[in-house]
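A lone chain, given as structure tokens: the form predicted alone.
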Amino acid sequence: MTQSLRLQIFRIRSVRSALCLAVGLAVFTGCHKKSAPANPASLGPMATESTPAPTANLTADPLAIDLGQSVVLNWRTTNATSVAIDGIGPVNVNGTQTVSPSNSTNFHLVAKGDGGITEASVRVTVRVPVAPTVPAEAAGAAAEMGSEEAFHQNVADIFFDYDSYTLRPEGDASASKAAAYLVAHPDIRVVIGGYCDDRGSAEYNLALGENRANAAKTALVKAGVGANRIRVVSYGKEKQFCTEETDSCWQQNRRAQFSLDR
């Protein structure tokens, strides 16, 4: 056998070996089962974007008016689909409205959206004028009522500590003296005004002034004065007896003031 023939036979065998190896690898690889794709349900619930809760802001200008005057309500909301104000009804999600309340009112707004419910409030104080003092028509009636000077000599204003409506010892003594005079003059009717200094919000001081006036009324009633003879009104910080920013001035403004309610 010649050398060239041997070389050709070797090449043919090499090609056959390579083909067999390739076929064997292909068969081996095909025997492995392909991995199944992941089931989306097995991954758990997909995260969803939360819906933002609505926000609301309600203001009034001005916050305090005299009876018969008007005030402008202004409200702004976000993420709300419906908005309503107590006493007014459904309104636009943003807007303004002029109102003329006949008495002090808390305006309450409710904003609803896909993300929940939120609320906002603002209080408008309505100042009701005190009825003018009318002189007694008869001398006998005047004697029963007593004089204005005698009233204030015996029924003195009561003063309070800062942020308090508790009567101090001198306040209790003043209330006892006032009650004795009023019991002796059963025709006298009294109006008690509650006042505060100018620190704090108008809404907070309106409530504090009412508590001070009621504390003075309670002291008189406990001492024997009929509750139906006493009327209370709160002026909060709207009417100041002194406007200086000093402790002595603030003290003058924290009072329950007694006046004849003729």
Partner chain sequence: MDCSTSKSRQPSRPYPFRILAMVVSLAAAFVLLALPVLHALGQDNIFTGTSTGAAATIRLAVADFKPLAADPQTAALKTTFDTTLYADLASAGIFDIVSKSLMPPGTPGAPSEMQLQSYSNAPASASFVAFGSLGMVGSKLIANGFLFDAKNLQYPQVLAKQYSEDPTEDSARQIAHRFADEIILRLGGGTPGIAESKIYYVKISGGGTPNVTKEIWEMDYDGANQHAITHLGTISLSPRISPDSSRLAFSSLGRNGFQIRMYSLLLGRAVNFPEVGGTNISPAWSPDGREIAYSSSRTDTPEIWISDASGNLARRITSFRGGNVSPTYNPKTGAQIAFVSGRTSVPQIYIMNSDGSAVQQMTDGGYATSPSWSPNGQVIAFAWDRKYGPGAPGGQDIYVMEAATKKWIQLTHDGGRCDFPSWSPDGRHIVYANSADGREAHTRIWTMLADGSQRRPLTGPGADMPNWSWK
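All values reported here derive from a predicted model rather than from experimental measurement. Numbering follows the first chain given and starts at 1.
Here the subject shifts to the form predicted in complex with its partner chain, a form of this protein not shown in this document.
Think of it this way: in the predicted bound form, its partner chain has a heavy atom of just one of 200, 226, 52, 62 within 4.5 Å, and the residue is 200. The stretch that touches its partner chain in the predicted bound form, counting heavy atoms within 4.5 Å, is 161-169, out of 115-123, 75-83, 101-109, 161-169. Contact check for residue 248: no non-hydrogen atom falls within 4.5 Å of its partner chain in the predicted bound form. The closest non-hydrogen atom of residue 206 lies within 4.5 Å of its partner chain in the predicted bound form. Proximity of residue 233 to its partner chain in the predicted bound form: non-hydrogen atoms within 4.5 Å are present. Contacts of stretch 102-128 with its partner chain in the predicted bound form, defined by any heavy atom lying within 4.5 Å, are made by none of its residues.
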